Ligand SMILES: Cc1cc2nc3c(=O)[nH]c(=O)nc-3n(C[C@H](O)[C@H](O)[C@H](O)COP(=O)(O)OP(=O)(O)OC[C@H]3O[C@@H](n4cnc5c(N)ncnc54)[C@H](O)[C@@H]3O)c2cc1C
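As structure tokens, one chain now follows by itself in the form predicted alone.
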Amino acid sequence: MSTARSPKAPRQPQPPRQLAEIALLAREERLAGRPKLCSDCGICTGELRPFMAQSCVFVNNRAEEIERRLHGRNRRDGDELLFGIYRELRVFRMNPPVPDAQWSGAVTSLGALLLERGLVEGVITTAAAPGTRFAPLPILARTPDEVRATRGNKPCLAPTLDILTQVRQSGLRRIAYIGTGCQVHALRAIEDQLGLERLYVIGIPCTDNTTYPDLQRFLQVVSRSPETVVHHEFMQDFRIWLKHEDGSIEKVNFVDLDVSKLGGELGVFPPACLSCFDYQNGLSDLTIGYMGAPLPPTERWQWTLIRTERGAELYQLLRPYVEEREPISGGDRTRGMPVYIQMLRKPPRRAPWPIRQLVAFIQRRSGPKGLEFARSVIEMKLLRNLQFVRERHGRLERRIVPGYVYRALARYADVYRREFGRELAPPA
């Protein structure tokens, strides 16, 4: 991929050498000497390292404590148990969509607007490391064009909180932060120590992140042409959609993905990502993603959960540039969950090709859609990660599994007890 730059290209701040190189490291080298559960959020690599113990979600999950500070309460029963506390749920897209964006370009457009209107002095976001498409390089963007140049997902571990050192050294007081759930947890946990006048937190959903070399391995396993993939997503039709440089779309059934070639889930996903309970980024001011929006992805609909007064301010800033539609929800996610719990206890062998095609057809025809699909994915991640913590890091459960997880999964308590011979919720 060419890295030549036009004379009119936006100025890119020169990152510290460590951040420019760290994204390219293999997991073993990158996380060497770290705790067993580490998502490399960036707190430990900058001057805020002394705050690690009070901020790290894998040392002490303070999500429910932070919720009470942000909202004056914790999650109510219903969708809040899965989606987090929110005031409004909207399905929307930029009109027109931003070219080359992962979806419609809402996240980078919002960051650029904040700088254009003078509401912030900088935006912490994630560019691509030089010479790569997906290796994440955290930056402090000071112009709208610098933010726009970061469009496109980099589904890899990114130490974005390291950039807070630059913010403090530059004397900036008004910033926006774009990040994932574990990063936002750490940011919220030390927010009062940062001395900021204004902080906007734009959350992106995150699940099963990985390092850049492991992402490359994944693409080599799943795609016919891994070097030309520009976007990929796990979609509601139970297929991975991979967009290539020539605009073609490659579709791979979930059931056709041979995880064994990657060494299983632990072979590609860091233990921290398998111990995370905040796919929905519940501590942000608003979360912008795609999973609850309707198909097809070519129409580029997104969804947002507006969580706080500041989140409502952010959406109002974006609203003149978007079109909206009503959310959809279809199917019944609860029908398949007992089978999923059985599979967690005893993973099945990979089925023969004809059976996989039949399963994929049934999933597309009768599986959950829209908001119900989002609910199903979150429930599965909560169940899988709870079981991973219990099997691999049981002594940490009380510190890193928030109480809302057990409430969200309570409807499956009988099935869980039958399969695993223990209660879903721990004793009081």
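For every residue, the number given is its place in the sequence shown, counted from 1. What you are looking at is a predicted structure, and each value in this text was computed from that prediction instead of being measured.
This next part talks about the form predicted together with the ligand, which is not shown.
For residue 304, no non-hydrogen atom is located within 4.5 Å of the ligand in the model of the complex, even though that partner is not displayed.
Under a 4.5 angstroms non-hydrogen atom cutoff, the ligand in the model of the complex has residue 108 among its neighbouring residues.
Though the partner is left out of this view, residue 101 does reach within 4.5 Å of the ligand in the model of the complex, counting heavy atoms only. At a distance threshold of 4.5 angstroms between non-hydrogen atoms, residue 155 is in contact with the ligand in the model of the complex.
Partner contact region in the model of the complex: 284-292, out of 162-170, 190-198, 68-76, 284-292, criterion any non-hydrogen atom within 4.5 Å of the ligand. Of the residues given (112, 178, 140, 175), 178 alone sits with a heavy atom within 4.5 Å of the ligand in the model of the complex. For the options 205, 122, 84, 311, the one in contact with the ligand in the model of the complex, meaning a heavy atom within 4.5 Å, is 205.
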